[in-house]
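Single chain ahead, written as structure tokens, the form predicted alone.
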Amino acid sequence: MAVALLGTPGVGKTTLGKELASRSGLKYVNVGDLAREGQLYDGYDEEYDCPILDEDRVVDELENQMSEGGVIVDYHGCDFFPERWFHIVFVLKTDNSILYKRLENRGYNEKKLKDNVQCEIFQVLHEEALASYKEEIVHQLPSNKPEDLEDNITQILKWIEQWVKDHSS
């Protein structure tokens, strides 16, 4: 079984993913960390002040782990991941004013900050997930306050538990 956690930077994917892994026993993979450790880049984007992900190398790097299963994958988008990888996809959603403050606290430059908030406003990553996977496996979750985190963990753990029951012989 594999779970995707998607969303704009700053929505809480990493916090949720690490806590889910700790409570479920699944392996947590942060694609940004994986890329950094393996230098899986294809250049540097000066405008956004960040490296450009080499998506093909990331897929190659993750292939074995994904075929073994038991993985929670955390990344912004998903359109380059094979559809067969995920059994469920969660897209986190954060109110714009909250997201703006989170990204500002991270020191994002003005363009990067505005573009990420616009991405959230227009639900770009939710739309991408719906275009990449069957609609019934894509779920949007609120991620504004600490109670949302706990609610999301509870909901996803229940889903994992049910999936395991349904798929054990």
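Residue numbers here begin at 1 and follow the sequence given. All of these numbers come straight from a predicted model, not from anything done at the bench.
This protein has a second form, the form predicted together with a small molecule, left out of what is shown; the following refers to that one.
Here the chain stands alone, but in the model of the complex its contact with the small molecule, taken as any heavy atom within 4.5 Å, falls in 98 to 106 among 124 to 132, 47 to 55, 98 to 106, 31 to 39. Although the partner is absent here, G25 sits far enough away that none of its heavy atoms falls within 4.5 Å of the small molecule in the model of the complex. Within this chain, L149 lines the site of the small molecule in the model of the complex, having a heavy atom no more than 4.5 Å away. At least one heavy atom of V11 is located within 4.5 Å of the small molecule in the model of the complex. Contact between N144 and the small molecule in the model of the complex is found at the 4.5 Å heavy atom cutoff.
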